[in-house]
Every structure is written in structure tokens, then in C-alpha cells.
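Same chain, two versions here, written out as C-alpha cells and called structure 1 and structure 2.
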Structure 1
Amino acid sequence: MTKRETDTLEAHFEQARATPPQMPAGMMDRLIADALAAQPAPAIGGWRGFWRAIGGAPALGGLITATAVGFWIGVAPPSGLPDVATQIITGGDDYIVADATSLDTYTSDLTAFGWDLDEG
């Protein structure tokens, strides 16, 4: 861009800044009324309110599946993950991870950072 084109463009910007657009009277009221009409009704109390709050049957199915899988992996972990549930139940410091080729012993990291002392 040349200096002349830049000056012309800047003059147009100055003119636009000098006269900002005004919203027509009553437009904000209509806009707010439309927005309120588009919002869902307030939650109903009791089980229907709970059902609506979690998202209905698909969401409940996802919650149940995630809970079951988390419990399953926590109690019977795959061979590549440490068996933390057994360590917590028995209170041992070491736990064994069964690998396809060998058995390796790992030291627990549950108390390595002083998380057990944070409860105070």
C-alpha cells in the first residue's frame, strides 16, 4: 500500500470512529426476551430434576460404564499396570507388576511426595 492509500483508509476509520453505530430503540429488550425464551425451563425437583440434570439415559449409561470400567481396572489391572488396590488393602510398600516376560518389583509412590501428611 502506498502512503496515499493508507491515509485514505485511515480517514475512513476516523470517520467510522467519530460516528459509532447506535442500536435501535427496543432492540436490546427484544434480544433479551428472545434469549430468555430460548433457555430451557428450570429443573424440576426430585428424580425428574436429577434425571434432567445428568442428561437423561445416554449420560446415565456413560456414567455407569465409566464407573464399572474404573472399578474393574482398579481391582484387576492389566499386566502392564501396577496393582495398587492390593497394595492399599494389604498396606505393603512394594507391589509386583506381572509382565509377559518377567516379574518386576516397583517401589510405591503413594507416599513419596508426603501426600499422606497433607490431611493434617
Structure 2
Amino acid sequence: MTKRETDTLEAHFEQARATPPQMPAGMMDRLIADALAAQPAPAIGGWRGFWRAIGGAPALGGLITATAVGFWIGVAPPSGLPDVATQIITGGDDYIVADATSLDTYTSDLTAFGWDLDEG
């Protein structure tokens, strides 16, 4: 290449570097929208993260209901189920108690405050 050719070519390159091609109208906005749409959700830590992990208020309502029902079944089981609370307290492995009256004397305070035995 001659110096003249080199200079001409470099002048072309310099102009190309100085004047980049103009982007179509709205292109940048479209690409930013793409970037935001594809972006992972921000990570949330602490109590907010825990709250979100368990599913928020709807999940908490269900959790409270399930806990209350479970607790009630535990302390006052329906007639078809063993009285687990009494077994645990008395250390017995047979839920059929021969002498309910004697049990009543020391388990009434602990098994649903005596309600289950009162009802039985």
C-alpha cells in the first residue's frame, strides 16, 4: 500500500469511529425492556425472605388453622383415636384406661384442662 492509500483508508476508519451508525428509533427502549423482563427477581433476605418463602399471608392463615386443629386433636382426640396426651403423661402404652376416675386426679390439669375427661 502506498502512503496515500494508507492515509485515505485511515481517514475512512477515523470517520467511521467518530460517527457510529444511528440505531433505529425505539431500539434502546425495546432492548432495555428485554433486559428487565429477563432479569432474575431480586433476592430477599431476613424476615421478608422467610415471609415470602412460606407463601405470605394466605399461607400463614392455613398454617395457623392447621396448627390449631392439630393441637386440638392432640389434647382432645375424637372417640375413635387414642388419647396420646394421656399416654405420654402417664407413660402407659394402652389407651384404654380401667380407672378413669383415678386418672382424673392427676391428669385433668394436663389433658385439655380436663375437658376431655369431663365430657367422657
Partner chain sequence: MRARLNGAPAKATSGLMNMQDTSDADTADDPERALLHRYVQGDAAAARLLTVQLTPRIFGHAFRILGNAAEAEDVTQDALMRLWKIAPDWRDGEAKVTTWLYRVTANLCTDRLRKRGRGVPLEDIAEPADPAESAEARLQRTAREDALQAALDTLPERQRQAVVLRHIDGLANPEIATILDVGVEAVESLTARGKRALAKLLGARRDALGYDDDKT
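Rigid core: the largest C-alpha set superposing within 1.5 Å between the two forms. Everything numeric here is computed off the predicted structure, so don't read it as measured data. Here, residue number means position along structure 1's sequence, counting from 1.
S.K.: Would you indicate whether the form predicted in complex with its partner chain is structure 1 or structure 2?
M.R.: Number 2 is right.
S.K.: In Å, how large is the CA movement of Ala16 between structure 1 and structure 2 relative to the superposed rigid core?
M.R.: Spelling it out: core superposed, C-alpha of Ala16 shifted, distance 47.4 Å.
S.K.: How many angstrom apart are the two C-alpha positions of Ala37 between structure 1 and structure 2, if you fit on the rigid core?
M.R.: Taking the core as reference, the C-alpha of Ala37 is shifted 4.9 Å.
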